[in-house]
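A single chain comes next, written as structure tokens; it is the form predicted alone.
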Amino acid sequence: MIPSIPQSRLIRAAYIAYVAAFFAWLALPLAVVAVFAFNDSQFPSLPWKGFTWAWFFGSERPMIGVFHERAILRAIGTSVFVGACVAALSVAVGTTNAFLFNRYRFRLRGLLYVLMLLPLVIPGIVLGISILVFSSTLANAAWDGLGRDIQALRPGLVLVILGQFSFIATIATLVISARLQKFDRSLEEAALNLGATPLTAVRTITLPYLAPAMIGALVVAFLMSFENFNTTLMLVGSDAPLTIAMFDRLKEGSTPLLNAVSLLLMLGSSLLALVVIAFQRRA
């Protein structure tokens, strides 16, 4: 709806109803998940048996809470570790990629840019299988030819980090490139005229300007890594991140414990989003 064009009351009411229904469609599933995290029952469904904190703080079976479930806590720690590694690598490579594609003109630049975007259009499970087959082929070749078993090429955290990094780095590149395109390069030229080296000019002028985009890309990369399932499923080893651990629990039967974990994830994601918004407003 265009505000400058007069609309009848019926159209306005229909538009408001559409917007309300759209947001209800998005929010209701999350609200249901959150509500049943407090249900005093072993099943996350009706009937409502009463309010309880047991699925968060309970320490006795069958109602062991999130903060007393070692397997879930271990999986959360694994996801945080993987997400931090992927986010740091993605922002570092994304920043260099942004400079590469915005500042330099070279042969096959367009082809290289398309190759960088390619992981975004490949289904996650196909990407995971491709990386697994490639790494396993290298590992088997190293074992057959050199008699060495390279564990980093076997399913495990290293391969999970590299697999997630292969497509999340592209998103970080796009986020940082969007801000770099708006940068006034005359500021760098002024610094160079005042005696600064190119590296100093970039470090003291350009990077601070890119800081909001880099922080935003860091948070986005971390959250995408934390919630990734398809690619991770193909590359995971014995140390399962949270998404894989929750999937394994779900196969055994859903309990409000998974609702409690989901609620904590929603709160954590919202908090990170608020931090990014506050940082960008200050910048």
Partner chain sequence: MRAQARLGFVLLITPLLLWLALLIVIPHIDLALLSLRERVGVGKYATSLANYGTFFGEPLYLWTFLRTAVMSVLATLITLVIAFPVSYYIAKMARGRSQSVLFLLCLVPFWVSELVRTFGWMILLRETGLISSLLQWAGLVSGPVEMLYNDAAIMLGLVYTSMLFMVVPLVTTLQSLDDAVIEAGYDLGGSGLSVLREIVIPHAMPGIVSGSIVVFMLSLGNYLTPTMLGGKDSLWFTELIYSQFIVRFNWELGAAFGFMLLILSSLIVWAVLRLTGQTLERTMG
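Numbering follows the first chain given and starts at 1. Since the structure is predicted, the reported quantities are computational estimates derived from the model, not experimental observations.
Another form, the form predicted in complex with the partner chain, is not on view; read the next lines as being about it.
Each of 104, 174 and 230 is positioned with at least one heavy atom within 4.5 Å of the partner chain in the predicted bound form. Residue in contact with the partner chain in the predicted bound form (any heavy atom within 4.5 Å), chosen from 202, 80, 73, 120: 120.
You can rule out all but one of 80-88, 159-167, 208-216, 144-152: in the predicted bound form, only 159-167 has residues with a heavy atom within 4.5 Å of the partner chain. Though the partner is left out of this view, residue 243 does reach within 4.5 Å of the partner chain in the predicted bound form, counting heavy atoms only. Among heavy atoms of residue 12, some come within 4.5 Å of the partner chain in the predicted bound form. Taking the partner from elsewhere, residue 129 is found to have a heavy atom lying within 4.5 Å of the partner chain in the predicted bound form. Not displayed here, the partner chain is approached by residue 258 to within 4.5 Å at the level of heavy atoms in the predicted bound form.
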